[in-house]
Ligand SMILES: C[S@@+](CC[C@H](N)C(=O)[O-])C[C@H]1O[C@@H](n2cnc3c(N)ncnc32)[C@H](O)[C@@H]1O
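One chain is shown next in structure tokens, namely the form predicted alone.
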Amino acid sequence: MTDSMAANNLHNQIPVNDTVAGYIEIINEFSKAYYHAPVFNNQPVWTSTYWQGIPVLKCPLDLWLYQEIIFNQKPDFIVECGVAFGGTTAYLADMCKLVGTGEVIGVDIEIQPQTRASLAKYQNVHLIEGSSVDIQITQQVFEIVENNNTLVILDSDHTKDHVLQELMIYSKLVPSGGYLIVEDTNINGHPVYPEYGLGPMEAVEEFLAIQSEFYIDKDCHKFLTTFNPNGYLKKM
């Protein structure tokens, strides 16, 4: 089969009404299937995705975007609110090593001993235990980062009020041209977990309504599916 024949076959699989809305429907259905389908040990595959043997709990397409952002921004610090098992923390730390600069500050309300053990070999990882919006915790983060080039990733409590607090606090660390990434904006029906309630997406919408310095970088939707739709915020 020639490339043109393959392209025609692919085109024929797209609904006749191949409008933008038609494509969005296909993307949303795939995103829901990827997120929920029990295809690996009766669990969604993203729950069994690892970096250096540590669970990352991410869509690999988002991780690919992260390394592109790190390469372009070359942050001195990455503030990661929400550490979980530490897989993403390790990934970020390794990406920093590859570009030759950067340390990761991981903040979590409770950091498990296994997570600490998994990250012990990383000299460029600093773990802070406590709520990401607690004033004592934020002061620690700000004292470490000071005025350096900082990338921020928010992945802790996914309720709207909490995420909005994080946005208002940590947006101050992001330099012009830098990124503030809000994870799991796909919940509450965007397109998964419609029953969740107000969450990260709604926090982003309210934040952007009152903060004109940031905009949604639509280029970060280039892989079509993401766990963070409209969550890649870039500072003017």
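The numbering used is simple: start at 1 and walk along the sequence shown. Just so it is clear, the structure is predicted and the values come from calculations on it, not from any experiment.
Another form exists, predicted in complex with the ligand; not displayed. Remarks below refer to it.
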Legend entry - Contact of Leu57 with the ligand in the predicted complex (heavy atom, 4.5 Å): yes
Legend entry - Close approach of Val107 to the ligand in the predicted complex, 4.5 Å, heavy atom: yes
Inset, instruction - Verify the contact flag for Ser132: yes if a non-hydrogen atom of it lies within 4.5 Å of a non-hydrogen atom of the ligand in the predicted complex, no if not. - result: yes
Inset, instruction - Indicate whether the ligand has at least one heavy atom within 4.5 Å of a heavy atom of Asp157 in the predicted complex. - result: yes
Legend entry - Partner-proximal stretch of 144-152, 116-124, 77-85, 97-105 relative to the ligand in the predicted complex, 4.5 angstroms, heavy atom: 77-85
